[in-house]
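Form predicted alone, single chain, as structure tokens, below.
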Amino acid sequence: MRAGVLHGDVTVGWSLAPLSHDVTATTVVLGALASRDWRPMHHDHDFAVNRNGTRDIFLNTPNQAAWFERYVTDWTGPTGRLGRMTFRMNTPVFPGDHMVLAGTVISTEVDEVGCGWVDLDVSLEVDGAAATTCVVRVALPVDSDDNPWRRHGDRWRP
């Protein structure tokens, strides 16, 4: 039995289950560390507040990208394959924030080479406001014999 979502099971308007996380200083610092982002606004409270003028240290871009990727691939299962992701950070995400990722299917299609695509509108919200918005294009298997991870060259057109 295949784990994960098949393309034919998904319809426009489908809402993905939300993912909630309490952001801590560790969340922020480990994300910066993992992406080798040594800029002090992501690990030094004094610098962030007194030199940068922000409330605290805050999530960097790769850390937010990783949260979006995790959210989508937790939904798709192991055979979902990200094709594209575009996001806009509107406000910083700080330690002490409670972030909620939520998504909706905005389109589905099977392309000319048989790859099943789903486009998602995803948001990272803090206190009910979109701190970051994201549009994701993800490939899903069209049937139980398909696996987007086996697509290469002309058969992979994100």
Partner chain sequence: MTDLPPVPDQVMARIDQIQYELEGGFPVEQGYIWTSCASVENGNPLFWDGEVAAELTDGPVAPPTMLSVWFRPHHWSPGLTEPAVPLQAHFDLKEDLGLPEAIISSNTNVFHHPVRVGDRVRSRQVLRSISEPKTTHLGRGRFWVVDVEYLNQDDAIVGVESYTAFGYRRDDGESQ
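Residue numbers count along the first chain shown, from 1. Remember, predicted model here, so these are calculated numbers, not experimental data.
There is another form of the same protein, the form predicted in complex with the partner chain; it is not shown, and what comes next is about it.
- Using a 4.5 Å cutoff between non-hydrogen atoms, P158 counts as a contact of the partner chain in the predicted bound form.
- Contact check for N147: a non-hydrogen atom falls within 4.5 Å of the partner chain in the predicted bound form.
- Mapping the unseen interface onto this chain, N52 counts among the residues with a heavy atom inside 4.5 Å of the partner chain in the predicted bound form.
- When contacts are judged by a 4.5 Å heavy atom cut-off, T61 counts as touching the partner chain in the predicted bound form.
- In sequence order, T73, P78, T79, R81, L82, G83, R84, M85, T86, F87, R88, M89 are the residues of 73 to 93 having a heavy atom within 4.5 Å of the partner chain in the predicted bound form; the partner itself is omitted from this view.
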